[in-house]
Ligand SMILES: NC(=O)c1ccc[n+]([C@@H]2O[C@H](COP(=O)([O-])OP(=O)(O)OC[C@H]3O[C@@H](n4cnc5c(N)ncnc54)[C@H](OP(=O)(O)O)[C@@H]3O)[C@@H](O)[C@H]2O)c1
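Below you'll find only one chain, the form predicted on its own, shown as structure tokens.
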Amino acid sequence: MGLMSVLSLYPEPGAKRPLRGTYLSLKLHERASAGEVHVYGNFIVSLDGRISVWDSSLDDQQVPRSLANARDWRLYQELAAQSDIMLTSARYFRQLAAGCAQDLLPVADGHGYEDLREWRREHGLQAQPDVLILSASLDIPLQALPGDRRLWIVTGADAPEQRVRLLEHAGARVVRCSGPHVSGAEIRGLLEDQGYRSAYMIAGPQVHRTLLMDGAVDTLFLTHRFRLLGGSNFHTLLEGEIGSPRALQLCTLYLDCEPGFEQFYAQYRLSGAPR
């Protein structure tokens, strides 16, 4: 990765800057007003709209190697480094238990990310973000749960009591929503009540939809990889009804022309988002 540059296309067309620090400079942990939380999500997507495709060897959806790449991963880590808490799904922990998770919850855990660990220390953030899992079924392998930080699990009002007790015994704090389904509005309320300022959504289209339905996503980061994947069994970044169309406002757009890594890095603000 080094200091290879990216080209700004918006709002300052023509300016070049190093890839490293492109998202870290946004200071997402400072965007929320007092008593509020800034929720942001991130996806890498092909030009034909795929964020994952079916992998028959794993019997599951996966981000293909032709889409994932080290330069996008650097920016993924920069977004994670600014979060107080990461929002994910039970599916991630099932993949983690099976040894096929695409990413790991530890932020900047490895060589080349020392600057991000130092950045968190300098800005008064704990070593690792807390974790919040959205799950209706509570089908979460206990052995995969992180034990080094606060863990929240948000579920529906009718979640099985036995699973709730098992998860609480394993150290999780289980919160039931008021209705049968997980509520994006209640998740935002929980985050604000607990004093979180920045929350990073790293889950798939169903969690995205849950939050978006209630206007609980403020900013969306998309890496548009210059690839066409095709196929008939895939996921997009949003699936299912959301009530009405949501308009997005482009905030920043960068072009990466590094050979083999051609892609756009876009930051969008959701119009009508509470903050």
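Residue numbers here begin at 1 and follow the sequence given. Computed from a prediction, not measured in an experiment: that's the story for all the values here.
Keep in mind that the form predicted in complex with the named molecule is missing from the display, and what follows is about it.
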Using heavy atoms only and a 4.5 Å cut-off, determine which of 138, 125, 96, 190 is in contact with the named molecule in the predicted complex.
-> 138
Residue within 4.5 Å of the named molecule in the predicted complex by heavy atom, from 203, 116, 145, 131, is 203
Please run the contact check for residue 173 against the named molecule in the predicted complex: heavy atoms, 4.5 angstroms, yes or no?
-> no
Is residue 85 close enough to the named molecule in the predicted complex to count, meaning some heavy atom within 4.5 Å?
-> no
Indicate whether residue 32 is a 4.5 Å heavy atom neighbour of the named molecule in the predicted complex.
-> no
Give a yes or no for residue 210: in the predicted complex, does one of its heavy atoms lie within 4.5 Å of a heavy atom belonging to the named molecule?
-> yes
Heavy atoms within 4.5 Å of the named molecule in the predicted complex: which of the stretches 23-31, 242-250, 224-232, 46-54 has them?
-> 46-54
